[in-house]
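Below you will find one chain, with nothing else, as C-alpha cells; this is the form predicted on its own, and questions on how it binds or moves follow later.
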C-alpha cells in the first residue's frame, strides 16, 4: 500500500484532478511554466472558483502574480492520485474494445500498467495482444493474485458481465471499471466505476434536441 498523504476527496474532484493533470502535461509540452486558475478553468469548461476550490482541497495554492507552477502542481496531484508502487491492471475481454483501450493507455501513466488480459477465445489465449499477455478466463484467480493486479477493466459482451464480475470478486480485486451496459453491484471495499456509452450518447442527444 502507498504511504502517500491521504485525502478524503469527492469522486468528482478526483475526476477533475485527473483531467487537470492531463491538461498540465500538455502545457509543459508547449513550454509553459506557470498557469492561472482562469486559464485552467477555460480549458476544462469550468469556473476559476471551482479550480481554486479543488486545489485548496489538496492543500495547494498559487500566487496572484504568477498563478500555479505547473510542474509543482503535477507533482502534488500525482502524490495524491498515485500509489507509491503503482497499480497493475487486467483487461477482461480482448475484443476490439479491449484492444483499443490497451493500445490507447499504453505508456500514458507511469503508475498504472496493464499487465494481463483474459479471454475465452482459444485463438487469443497464449498470445500477446497489444503487447499484453492474454490468458484463459479460467486462470483469472491465479494470474491476478500472482501478478498483484488490483484493477480490472471489463469489456466483455453485456450478457457475460455479471459472471465475469463474480469471478473477479473471488480474486480479491479492489477496483472494477465496467465498460458494458450491464450494471453491477459490488461489496463494500471494492470500488466500481461504470461507463455506458449508450447512456452518454442518449444524454447528448437529449441536450442537442432540447
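Numbering follows the first chain given and starts at 1. What you see is a predicted model; the values in this text were computed from it and never measured.
Another form, the form predicted together with another copy of the chain, is not on view; read the next lines as being about it.
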Report yes if any heavy atom of residue 141 sits within 4.5 Å of a heavy atom of another copy of the chain in the predicted complex; otherwise report no.
-> no
Report whether the minimum heavy atom distance between residue 128 and another copy of the chain in the predicted complex is within 4.5 Å.
-> no
Using the partner position in the predicted complex, report whether residue 176 sits within 4.5 Å of another copy of the chain, counting heavy atoms only.
-> yes
Report yes if any heavy atom of residue 45 sits within 4.5 Å of a heavy atom of another copy of the chain in the predicted complex; otherwise report no.
-> yes
Name the stretch: of 93 to 101, 67 to 75, 116 to 124, 133 to 141, exactly one has residues whose heavy atoms fall within 4.5 Å of another copy of the chain in the predicted complex.
-> 93 to 101
Hey, which residues along 190 to 208 are within 4.5 angstroms of another copy of the chain in the predicted complex, non-hydrogen atoms only?
-> 191, 192, 193, 195, 196, 197, 198, 199, 200, 201, 202, 203, 204, 205, 206, 207, 208
